[in-house]
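The chain below stands alone and is given in structure tokens; this is the form predicted alone.
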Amino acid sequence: MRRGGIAAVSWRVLVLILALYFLLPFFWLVISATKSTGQLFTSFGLGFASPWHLLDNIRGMLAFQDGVMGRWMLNTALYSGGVALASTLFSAMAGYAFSKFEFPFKTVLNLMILASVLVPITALVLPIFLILHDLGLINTYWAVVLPLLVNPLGVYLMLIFWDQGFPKALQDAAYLDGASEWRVFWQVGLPLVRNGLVTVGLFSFVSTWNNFFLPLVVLSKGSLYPVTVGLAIWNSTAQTGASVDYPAILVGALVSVLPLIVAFFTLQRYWQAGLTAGSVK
């Protein structure tokens, strides 16, 4: 076998190993969701046990603590959907301004945006908490939504998509036809950067859906919890020896990741094209 063929096989093996590594926890979660409490501790972790208890576990999850899991999922959908829509719009507007206009301190502001990408949200939780407390927004939906509306990475990505997907010549042609700035942005430009919008929106949706530390700090009402915080509370309660249904926790964890899987597969052709376009900047 030629050296190139050996290298190709080696890469395929490496990719297969990495895929198994990342899929193994999900595979374990799917299997564990079909087991009863006794089977979880007596059967092999990566093997199904007979009989299956998946339907019983789903009913138990929906009924546990008066069906609070449904409220948590609804909260998470509201947080993630609202942040994704608003953050994508703000990122598109900011990226358009940086791409098409000249204004004072543009380079400095651009560098500040790039630098803020490196700052994790966990490092900002304390000042965010103090600001929200002064505004009286603790234990409200706004406490989770407002801090996530500005997405520096989304602004930078949209800057790239505007540069590549909406040429200056096309913008000037729209001006010559008498289009206003808003019409150029909404009707001419946005359809051309659709892949970028989907990419930024999907990133915002996933990061908000998986967000844990911020809602844990700014929320103390169980009725406002997202599913990440709610499941963590269930799990910590179970570890203290309280009567918490382990299968309900596992089924809840499985249900919580299904919307993300659906979103990725549904929007796959858009965000893949968007990532490819942004990679040649």
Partner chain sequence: MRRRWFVPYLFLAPFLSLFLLFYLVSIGYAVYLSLFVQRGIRPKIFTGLANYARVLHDDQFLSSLGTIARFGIIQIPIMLLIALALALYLDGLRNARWRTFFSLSFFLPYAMPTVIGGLLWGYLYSKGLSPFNQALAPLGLKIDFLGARGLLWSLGNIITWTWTGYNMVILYSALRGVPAELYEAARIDGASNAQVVRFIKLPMVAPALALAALFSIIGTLQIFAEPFVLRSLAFVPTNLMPNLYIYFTAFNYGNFNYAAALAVVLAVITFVLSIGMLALLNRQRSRL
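Numbering follows the first chain given and starts at 1. The term rigid core refers to the most C-alpha atoms you can superpose between the two forms while keeping them within 1.5 Å. As the structure is a computational prediction, the values presented were derived from the model and not from experiment.
Another form exists, predicted in complex with the partner chain; not displayed. Remarks below refer to it.
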Legend entry - in the predicted complex, the one of 49, 68, 224, 231 near the partner chain [non-hydrogen atom within 4.5 angstroms]: 231
Inset, instruction - Identify, from the list 135, 170, 77, 85, the residue with a heavy atom within 4.5 Å of the partner chain in the predicted complex. - result: 135
Inset, instruction - Answer for residue 29 alone: is it within 4.5 Å of the partner chain in the predicted complex, judged on heavy atom distances? - result: yes
Inset, instruction - Look up in the predicted complex whether residue 116 has a non-hydrogen atom within 4.5 angstroms of the partner chain, and give yes or no. - result: yes
Inset, instruction - Using a 4.5 Å heavy atom cut-off, state whether residue 127 contacts the partner chain in the predicted complex. - result: yes
Legend entry - Partner contact for residue 147 in the predicted complex: the partner chain, 4.5 angstroms, heavy atom: yes
Legend entry - Within 4.5 Å of the partner chain in the predicted complex: residues from 251-267 (heavy atom criterion): 253, 256, 257, 260, 261, 264, 265
Legend entry - residue 255 C-alpha relocation of at least 2 Å between this form and the one not shown, rigid core basis: no
Legend entry - Post core alignment: residue 26 C-alpha displaced by 2 Å or more between this form and the one not shown: yes
Inset, instruction - Look at residue 40 and decide if its Cα position differs by 2 Å or more between this form and the one not shown after superposing on the rigid core. - result: yes
